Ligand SMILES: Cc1ncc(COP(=O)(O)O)c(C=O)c1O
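Next comes just one chain, in structure tokens: the form predicted on its own.
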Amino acid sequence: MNLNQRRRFWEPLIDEGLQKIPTPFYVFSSHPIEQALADLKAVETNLGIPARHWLSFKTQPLRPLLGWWRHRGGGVEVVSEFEFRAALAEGFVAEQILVNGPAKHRWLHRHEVRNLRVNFDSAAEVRELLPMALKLDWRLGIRFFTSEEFDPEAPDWPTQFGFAPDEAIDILKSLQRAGARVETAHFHLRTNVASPEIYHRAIQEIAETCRKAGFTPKFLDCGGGLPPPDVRSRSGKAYDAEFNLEKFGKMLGLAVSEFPYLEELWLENGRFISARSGVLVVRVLDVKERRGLRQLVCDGGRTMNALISTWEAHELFVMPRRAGKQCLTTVYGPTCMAFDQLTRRSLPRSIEPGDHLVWMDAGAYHLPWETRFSHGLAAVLWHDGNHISIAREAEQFDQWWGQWK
């Protein structure tokens, strides 16, 4: 959908929200998630085996979303004890929970759940958790570290995750000798992967390592990383500019051929599935102008509600609609931080205090990185495709200050 179509979808939900609660608030909807899943369904046509989509909990820890996903029959990928406990509390069974992430040995031993799916990330995890895995018949995998992975802030250096090829071979052989139920080859490259070819090269490396280890996985877990549509870097480049879903589908088909006994291919796309599923609504409180720059001070912004705006540029629109001459404008949040800039772009000069600004694609990594900064957490609305409800009230002073002993 183009911006006008997306705007027409969100405006009625936002209008209803403005009648229920004060700004700032988020609105999340299941409808865009259904669209994202439909987009992914189109790339699965030539696999020859089923594909399973795990909901990346960390990307959007929203309770109504978790319940909606479970009712659809989906599974959830968790990377922390809180996420794991939330999945259990919401009724997910072991078959529907995939445990990933580093340093699981510091907490997973506290939870004796049979038939749990666990992807080991380090030798320490294997050493500490293998006895429990054998006792409870866990369905195991390991995370592979490939040459396609690097620290995004310092590309010359590796990330901290998974097993390098030689380590992976040793660990796989030791798990097999121990009689462990090893089923999954897992990798996760990073966020906003630029092209399908990067996945292809990583999968070829993993296939070769598996052959050397004598390991024939039932499941290939490709992690996440697909770039979402309509999101740009701060320099203006679309993250999906070089990514083609049709080519990605063909690449997945090639991946299946690398593993002759594969039963399912797994994906854990968080950003691609959920980024488009939410918006942030803020109200203009004050207007200033200096040195040719118009400045809008709002009741929500980067510091509290959209830390991701530090490196991403999202579409933004105004309610009510404003027209006329535009000028360079910076949108600020209410905190005493010059850092608190949601965006700087040309906006209508007719915007005035009381107007509302809508920051698009707020579904991925907005709630996890939300801060109070002495203002309280924002309210959250959930749209299940038919009805809109308050999923979380705005945090009040007594809740914020009352947490202290």
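Don't overthink the numbering: it's just position in the shown sequence, from 1. If you're wondering where the values come from, they're calculated on a predicted model, not measured in any experiment.
Here the subject shifts to the form predicted in complex with the ligand, a form of this protein not shown in this document.
J.: Find the only residue in Thr329, Thr335, Ser80, Thr191 having a heavy atom within 4.5 Å of the ligand in the model of the complex.
T.: None of the others qualify; the residue that does is Thr191.
J.: Would you mind picking the one in Arg276, Lys104, Arg302, Arg143 that has a heavy atom within 4.5 Å of the ligand in the model of the complex?
T.: Of the candidates Arg276, Lys104, Arg302, Arg143, Arg143 is the one lying within 4.5 Å of the ligand in the model of the complex.
J.: Going by a heavy atom distance of 4.5 Å, is Pro217 a contact of the ligand in the model of the complex?
T.: Outside the cut-off, so no.
J.: Wondering, does Asn269 line up within 4.5 Å of the ligand in the model of the complex on heavy atoms?
T.: Yes, contact at 4.5 Å.
J.: With the partner left out of view, is His375 within 4.5 angstroms of the ligand in the model of the complex by any non-hydrogen atom?
T.: No - in the model of the complex, heavy atoms of His375 and the ligand never come within 4.5 Å of each other.
J.: If we define contact as a non-hydrogen atom of the residue within 4.5 angstroms of the partner, is Lys58 a contact of the ligand in the model of the complex?
T.: Judged by the heavy-atom cut-off of 4.5 Å, Lys58 is in contact with the ligand in the model of the complex.
J.: Of these, 320-328, 292-300, 218-226, 144-152, which stretch puts a heavy atom within 4.5 angstroms of the ligand in the model of the complex?
T.: It is 218-226 that comes within 4.5 Å of the partner.
J.: In sequence order, which positions of 344-371 have a non-hydrogen atom within 4.5 Å of the ligand in the model of the complex?
T.: Stretch hits: a single one, Tyr365.
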